[in-house]
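The chain below stands alone and is given in structure tokens; this is the form predicted alone.
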Amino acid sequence: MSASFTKSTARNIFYGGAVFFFLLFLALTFDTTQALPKRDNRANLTEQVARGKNIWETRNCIGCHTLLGEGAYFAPELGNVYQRRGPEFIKAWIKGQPTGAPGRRQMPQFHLNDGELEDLVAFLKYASEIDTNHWPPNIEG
């Protein structure tokens, strides 16, 4: 080890690095707090969307599906299903489960009424309109 690398030098490197990364952390935090309000979708948050989210949570949809990359990977990503398939397909798909196709994973039948289906579709529409910075990278999730 070089004689010029002393405890004092090591201490200065440590403190200099700590200050640098603390300032970097503050700058990134500030940038994030400025950018997030422009990217969220809170202007479109309605009572119907809240009811749809409640259905999403009480039926444990995230136990199989992902939404914006969060959740299980057993079933498809649903963050952009509204754009991919549309509201009528979503409602028909949920009503038609399980399909009974052999060798395929099956979604359970939740026996949702028409109002609950509308609420769930409103929630999926809301989720599809959040600016996710082009996530997922492909349209099929």
Partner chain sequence: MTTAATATLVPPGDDASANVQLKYRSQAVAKPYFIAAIGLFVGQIIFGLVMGLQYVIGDFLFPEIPFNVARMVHTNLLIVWLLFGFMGAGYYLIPEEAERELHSPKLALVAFWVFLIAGALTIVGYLAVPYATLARLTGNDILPTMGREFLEQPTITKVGIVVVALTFLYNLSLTVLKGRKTTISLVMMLGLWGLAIFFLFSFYNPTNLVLDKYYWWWVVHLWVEGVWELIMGAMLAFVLVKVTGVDREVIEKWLYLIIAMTLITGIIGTGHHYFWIGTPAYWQVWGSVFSALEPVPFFMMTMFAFNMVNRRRRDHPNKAAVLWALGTGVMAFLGAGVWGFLHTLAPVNYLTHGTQITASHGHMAFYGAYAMVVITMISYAMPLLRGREANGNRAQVVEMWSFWLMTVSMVFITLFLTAAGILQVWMQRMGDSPLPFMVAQEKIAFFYWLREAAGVVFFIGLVLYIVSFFVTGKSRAPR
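Positions refer to the first chain, counted from 1. Since we're looking at a predicted model, the values are computed, not measured. Here, rigid core means the biggest group of C-alpha atoms that superpose within 1.5 Å across both forms.
As for the form predicted together with its partner chain, it is not shown, yet the points below apply to it.
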query: Partner contact for Gly96 in the model of the complex: its partner chain, 4.5 angstroms, heavy atom; finding: no
query: Partner contact for Gly63 in the model of the complex: its partner chain, 4.5 angstroms, heavy atom; finding: yes
query: 4.5 Å heavy atom contact, Leu28 and its partner chain in the model of the complex; finding: yes
query: 4.5 Å heavy atom contact, Gly86 to its partner chain in the model of the complex; finding: no
query: Within 4.5 Å of its partner chain in the model of the complex: residues from 97 to 130 (heavy atom criterion); finding: Pro98, Ala101, Pro102, Gly103, Arg104, Arg105, Gln106, Met107, Pro108, Phe123, Tyr126, Ala127, Ile130
query: C-alpha of Leu28 off by 2 Å or more between this form and the one not shown on rigid core; finding: yes
